[in-house]
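Encoded as structure tokens, the following chain is the form predicted on its own, with no partner shown.
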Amino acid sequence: MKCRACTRKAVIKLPSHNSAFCPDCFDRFVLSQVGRAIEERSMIAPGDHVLVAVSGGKDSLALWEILMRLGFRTTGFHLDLGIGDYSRESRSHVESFASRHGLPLTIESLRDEVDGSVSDIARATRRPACSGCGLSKRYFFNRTALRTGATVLATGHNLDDEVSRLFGNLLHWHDEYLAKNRPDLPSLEGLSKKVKPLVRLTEKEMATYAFLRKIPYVLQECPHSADAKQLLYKKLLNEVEAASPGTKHAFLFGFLDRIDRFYPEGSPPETKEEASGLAPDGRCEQCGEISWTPVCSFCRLKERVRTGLSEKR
């Protein structure tokens, strides 16, 4: 198999692009795809300070490196979820990457804030671990972006992540989520701008990039992700993609081309609680962060964990 760009030996075949690339040409392909996503949707401007949410996995670490190579000013942020060996290894990879490249890094611990791990949150709330984890990440990411003076928050969600999310939201017609099912969300008072520069690249492409660039990352999946519906959606979509290459891209970007027609009045509130209106001054009375209710979702989660764990002791 030869590279379609230079005829050298190819290391990866991309049926969706009807292409195959050698290491050097694939490297240029990845950088061009990220640059195109950033430019097309005005994700990051030259003077922006980007807070990169890094989990220790291939996507987020690769994104951090790509943004660095493209010349953007970045700071990494890692949230230690307290999930045993998984979190320890994840944190180690993030710290090693930052040290190796001389990049600034901020780390916070979920346990320090909630007095419990993701596992504790799941037990206390009797809800899937992914629910409490997602809520916590959104809170910490936004708070840290504001505290560090970052103008943009970037996450390592790739094409497969976004397509499976869209698929799930459409299956259940979650209008409140579909309206925000885009790789760029503008900044609002108290909310940072959020972008996903890897949206044009698949999981396979990011794994290949990390391998070729020799980026060490945590290999094991999160112990709580085994029953996640997103994995089922990805499996189904992979089967469709194998039979009809390019379907994922057409599905997601076709939706993005039409999203303003589907939701002409802008994004509806993210939850039913938000629909009741902002808190009196738009801030949580406990933590001071933006909130649609007098006490924000994260502070209410903290209270549920505190109460739930104390009852179990």
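When you see a residue number, it is the position in the sequence shown, counting from 1. Predicted, not measured: the structure shown is a model, and the values here were computed from it.
Form predicted together with a small molecule: not shown, discussed below.
> Partner absent here, but in the predicted bound form, which of 50-58, 65-73, 252-260, 25-33 has residues with a heavy atom within 4.5 Å of the small molecule?
Looking at the partner contacts, the answer comes out as 50-58.
> With the partner left out here, check for me: in the predicted bound form, does some heavy atom of K194 sit within 4.5 Å of the small molecule?
Result no; K194 lies far from the small molecule in the predicted bound form.
> Does any part of T155 reach within 4.5 Å of the small molecule in the predicted bound form? Heavy atoms only, please.
Output for T155 is yes: heavy atoms within 4.5 Å of the small molecule.
> With a cut-off of 4.5 Å between heavy atoms, is H174 one of the residues that contacts the small molecule in the predicted bound form?
No, H174 stays farther than 4.5 Å from the small molecule in the predicted bound form.
> Though only this chain appears here, would Y209 touch the small molecule in the predicted bound form if you measure heavy atom gaps against 4.5 Å?
Contact with the small molecule, no.
> Between F97, F141, Y217, F167, only one gets a heavy atom within 4.5 angstroms of the small molecule in the predicted bound form; which residue is that?
Comparing distances to the small molecule in the predicted bound form, the residue within 4.5 Å is F141.
> Given that the small molecule is left out here, which of K137, R88, H101, R123 has a heavy atom within 4.5 Å of it in the predicted bound form?
That would be K137.
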